[in-house]
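Here are two versions of the same chain, shown separately as structure tokens and labelled structure 1 and structure 2.
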Structure 1
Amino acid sequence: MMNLSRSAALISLFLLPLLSFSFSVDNPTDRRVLVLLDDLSLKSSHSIFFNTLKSRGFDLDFKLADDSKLALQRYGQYLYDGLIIFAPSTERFGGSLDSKSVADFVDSGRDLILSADTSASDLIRGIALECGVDFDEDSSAMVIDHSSFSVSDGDHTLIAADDLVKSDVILGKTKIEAPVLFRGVAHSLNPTNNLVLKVLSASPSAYSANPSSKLSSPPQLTGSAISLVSVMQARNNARVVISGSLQLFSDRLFRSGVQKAGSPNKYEKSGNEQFVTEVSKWVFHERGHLKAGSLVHHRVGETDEPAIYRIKDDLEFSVEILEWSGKSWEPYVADDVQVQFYMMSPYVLKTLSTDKKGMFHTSFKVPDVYGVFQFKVEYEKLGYTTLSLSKQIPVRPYRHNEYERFIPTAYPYYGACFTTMAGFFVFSFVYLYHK
């Protein structure tokens, strides 16, 4: 018994450092992803998607959603850096996993892909709601569109969607030409949550209803208010993708040809594979992931960073920003990065210039106000991770012996003084010696 306990202790000592090597800002690669399934047959029916992830270096751990040994943490460390939930009908997760632990997983800065369908349980709906997404309350409802459906199938619940978010960061630089096939449930976005974004939207003619029964009242979700696929980037830069269709990721729709109703264009292959691949690159930080070096500042003509500035000093400021390309860090190039010289409010706001090698720089004069200031760089851009950097620096006034001997603005007064003296001398001379 003692030998067993010693062995367990040794294993834990060796395992703990390995668990500590999870996703980091400096090295967003070689990540371990937990995939939760309703049925293990999804491994084969969605194999193209999973194989794409494996080919990009992800280690997928497939488990049933009701597995009694499910756990996201061990010894206080997370075992996974990403979570894929393809188990829409699961009422309760197995092991120690529940909706709160999924929320904590995202709160820790890790990523999530969640997919639902018409069998979406309250558990799945609750997780989506935590992310600012609200699925249609009618469990029998599906997205129906009599104008933007796939002609090849003829089913008006098989939507041929092409209303994509205009963002090269999220969807890549290569345009998705073919419509994306979607069959599933509609969801709307919480209007008070400004972190969630529609990536794939329904057309204005779409609505959410039960396709097997007649409408007795107007549908609650209609038109472009319906989101088919949404994404969220949390304030801690964790990323979430929520889809109302599990079939969206399936091999069948990946390989299906598509022709949108009313369009003469016919495509041999739908845009699903390209769409899902690009979105998965974004959610797992293979694109749009930024990191910044430390803030560097010094007086003009110097190289050392001072402990304090004086009012009206001329200073230079710089910061290095890099972008993860999926394989290595590359210089980030943009013309909208700004720095604030801040005390209660920004006294200086400058747009940084770039040398196209990742270094952003500017120069400015310290304002004629003394106190404790901060250099602040707060960068938020659609699809990119948020940067929030700051460095505190005090600013002092002039010392008594640092003021100019003769102040230029006082020259008129100096002139008036000497003019008065000269006038008095002339008056005295004339008064005393003139008869």
Structure 2
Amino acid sequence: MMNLSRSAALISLFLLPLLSFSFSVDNPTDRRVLVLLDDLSLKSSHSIFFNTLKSRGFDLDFKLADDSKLALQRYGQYLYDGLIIFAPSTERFGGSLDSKSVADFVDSGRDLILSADTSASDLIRGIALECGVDFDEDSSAMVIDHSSFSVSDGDHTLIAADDLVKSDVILGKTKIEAPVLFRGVAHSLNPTNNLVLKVLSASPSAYSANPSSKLSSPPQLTGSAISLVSVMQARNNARVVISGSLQLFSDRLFRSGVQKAGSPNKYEKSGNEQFVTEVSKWVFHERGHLKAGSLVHHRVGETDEPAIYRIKDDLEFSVEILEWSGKSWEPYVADDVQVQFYMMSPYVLKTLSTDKKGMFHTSFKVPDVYGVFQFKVEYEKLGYTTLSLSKQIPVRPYRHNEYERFIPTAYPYYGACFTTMAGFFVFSFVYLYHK
């Protein structure tokens, strides 16, 4: 019985990474991505984007969105590690694919790039809604900005956006100098969802409306509430990019020069290529992916992990955190990783110090409270995978023989006790035998 369960555990240990993690540690470059297209012409019009992906080792599988043989999984196994949906107008996917199966795909820890466009279908909107993104309900509406558009075209719907999220993890270390060109539909984020965030926001002067008709009522979405490109990192660390513009990824906008209205700077090349490449690196876990080893703790001076601590024990705590660099696991270096010693509320909150080799450690004294505690490492940093580790450990009070045997302040009492006993003995003796 014991053996069986152990071997089963071993097997599952080997199988687990294969089955459940899209992000394969052993062979991260060989990744299969399904690309769903409205029209196969997109393959050539967006070739730069696809080629950068291929050059980074992704195995792209182009399919029409209404291909009747479409399937994400076979025999319960996912066939792909990532999904790119460039089919904004598709009303129904072919095969067994629907919005629920896309959501399940994300829930299984796999990544998604979804691009809508003007007149996005309900299907695409539905998928976006599942990820906390709300596209403008007016299907003919576009983002219009009369102050930060691209001058080259003179079209106020071609936005030159430069309000990027300040995160090296998502957008890479090299700063994106040129504005990003965007033409498409606006979306807003679900305020109750704290997993989704804007990567590229519109300027305060932008609004969402139908450019070909007169505005009869104030637009629903205005200013920086409008998000142009958003990312979502699910609780299982699946990553999703949602863009309101398919053209953002196109070769044409990649190559076109840009000058933002009212700005003297003119750029030969828009920021699109850099932006899209960096975001795709992030979404496919080439950056900002952390991995933590198990939480290790033991008493000071010991190496084995105890089953229970006593109050006021001194303990050492450590955890190894590694970061995926795109090729290998590198030590993660940061000074803001914290550990909680937690029982309903944190009794100890300590910042861990790192040895720059990936090990984070600290030592502290167990509080003078017994109960079932948890070591908790809750690390949520913009762009990085969320680390949420906890390990339960009970803390017991002193045993009956762990108290001080003789307390110096109690010596008068001991003295009183023994003198009384001696006195009683002497008294009895005298009373009984002394006439």
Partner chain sequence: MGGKQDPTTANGSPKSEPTATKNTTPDLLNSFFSFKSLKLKTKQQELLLRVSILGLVYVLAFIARLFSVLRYESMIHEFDPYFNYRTTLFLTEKGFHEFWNWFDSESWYPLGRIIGGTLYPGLMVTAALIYWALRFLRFFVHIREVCVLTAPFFASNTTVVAYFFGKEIWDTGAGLVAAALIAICPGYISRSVAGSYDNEAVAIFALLLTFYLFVKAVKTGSLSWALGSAFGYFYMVSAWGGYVFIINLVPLYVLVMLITGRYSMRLYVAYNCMYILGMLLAMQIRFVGFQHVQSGEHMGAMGVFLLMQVFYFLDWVKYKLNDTKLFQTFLKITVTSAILVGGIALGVGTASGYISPWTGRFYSLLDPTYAKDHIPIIASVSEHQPTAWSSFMFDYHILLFLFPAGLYFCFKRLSDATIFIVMYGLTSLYFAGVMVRLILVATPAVCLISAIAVSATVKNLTSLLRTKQKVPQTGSTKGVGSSKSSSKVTLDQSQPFQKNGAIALLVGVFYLLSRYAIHCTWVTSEAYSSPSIVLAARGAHGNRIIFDDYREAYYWLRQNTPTDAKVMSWWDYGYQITAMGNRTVIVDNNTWNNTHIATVGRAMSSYEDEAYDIMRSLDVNYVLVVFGGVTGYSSDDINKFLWMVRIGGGVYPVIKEPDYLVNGEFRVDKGASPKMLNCLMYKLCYYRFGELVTEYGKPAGYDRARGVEIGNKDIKLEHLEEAYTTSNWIVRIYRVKPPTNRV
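C-alpha atoms forming the largest set that superposes within 1.5 Å between two forms make up the rigid core. Quantities reported herein were computed from a predicted structural model and do not represent experimental measurements. Here, a residue number simply tells you its place in the sequence of structure 1, counted from 1.
Asks: Identify which of the two structures, 1 or 2, is the form predicted together with its partner chain.
Replies: That would be structure 2.
Asks: Has the Cα of residue 40 moved 2 Å or more between structures 1 and 2, judged after a core fit?
Replies: Moves: no, less than 2 Å.
Asks: Give me the smaller rigid part's rotation between structures 1 and 2, in whole degrees, relative to the larger part.
Replies: Angle of the smaller part against the larger: 40 degrees.
Asks: Would you mind giving the Cα movement of residue 419 between structures 1 and 2 in Å, after fitting on the rigid core?
Replies: That residue's C-alpha sits 14.0 Å away in the other form.
Asks: What is the C-alpha shift for residue 407 between structures 1 and 2, rigid core superposed, to one decimal in Å?
Replies: Its alpha carbon moves by 3.7 Å.
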